[in-house]
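As structure tokens, one chain now follows by itself in the form predicted alone.
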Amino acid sequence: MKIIGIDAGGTSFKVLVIDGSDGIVARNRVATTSPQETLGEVAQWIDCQKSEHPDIAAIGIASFGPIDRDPASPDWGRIGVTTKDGWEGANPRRALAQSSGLPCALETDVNAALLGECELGAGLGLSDAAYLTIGTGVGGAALVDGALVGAPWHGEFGHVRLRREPSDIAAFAGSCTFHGDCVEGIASATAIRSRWKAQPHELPDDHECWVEVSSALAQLCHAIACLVAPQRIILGGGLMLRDSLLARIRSDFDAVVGGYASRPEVLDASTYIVRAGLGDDAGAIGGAAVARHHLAVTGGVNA
């Protein structure tokens, strides 16, 4: 049995065909433009894969949000208020279920990525873990005793507010259109481009940008450790491809923790805060995990 896993991101849709025994057997990437154009291109590719792989059983989507992630809701899969032009009100889950005729399940991108990491990646075997994605935006998810927190809704980890120095507040108010200097408004790729007028990959490791980004992300990790007490925090997303950033975050996290924690794992940032093990495929692999769960619960009903 094969599953289609989709990482529906603000920049592109990454689509995988995943076989339970052979791993990834096909992949595609479609630019995120308008819902009609993007979903239409994804649907065409899925149709081609169904012809080549007739044992494809379901689709699982890991989507940017905010989204309605409640399977009992008539609007399951509907995207809410978003900064992505044209996507508010779109429902990629319903559109792909109708075009493919396959059962189609959906989760937030970070929830699905966390499930994927705990199934095959850096969180393998953990029942209590958190995941952050740091890229165009900042999002997060957490498992507590094997269950995603917030059901049937989802948290907005990237919009946690920060402690900042007055001089830095005066220099940059933040890029978030809702909160200004929340974590996303300071530490996302969007914020970096807004403040420093450069792409993140263009800035050297010793640029002052990374001081602010690391501080913001370490504060968010500390808030997660205090509130959820996971066994591990996993960091993914495009910005985490920079090797030096992980070391900075760990160092800043240790300073913020100050030797006080409810569980011993928190006191060793070198093993407590880790890079995602599935890399760029985490969201799509997590989407496949969501689809398998949906099949197990519903028996394959195409809602």
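One rule holds for the numbers: they count along the sequence shown, beginning at 1. No experiment lies behind these values; they were computed from the predicted model shown.
Note that the form predicted in complex with another copy of the chain isn't included here; everything after this is about it.
- Shown here without its partner, the chain carries Asp181, Ala223 and Val228, all of which come within 4.5 Å of another copy of the chain in the predicted bound form through at least one heavy atom.
- Only one of Gly135, Pro92, Pro200, Gly155 lies close to another copy of the chain in the predicted bound form, with a heavy atom inside 4.5 Å, and it is Gly155.
- For the candidate set His159, Lys84, Arg232, Arg195, a heavy atom within 4.5 Å of another copy of the chain in the predicted bound form is found for exactly one residue, namely His159.
- With the partner omitted here, the stretch from 238-246, 271-279, 251-259, 51-59 that lies within 4.5 Å of another copy of the chain by heavy atoms in the predicted bound form is 251-259.
- For the chain shown alone, Asp70 is not a contact residue for another copy of the chain in the predicted bound form, no non-hydrogen atom being within 4.5 angstroms.
- Residue contact with another copy of the chain in the predicted bound form: Pro103 places no heavy atom within 4.5 Å of it.
- Within 4.5 Å of some heavy atom of another copy of the chain in the predicted bound form lies at least one heavy atom of Ala147.
- Looking at Glu265, you'd find a heavy atom of it within 4.5 angstroms of another copy of the chain in the predicted bound form.
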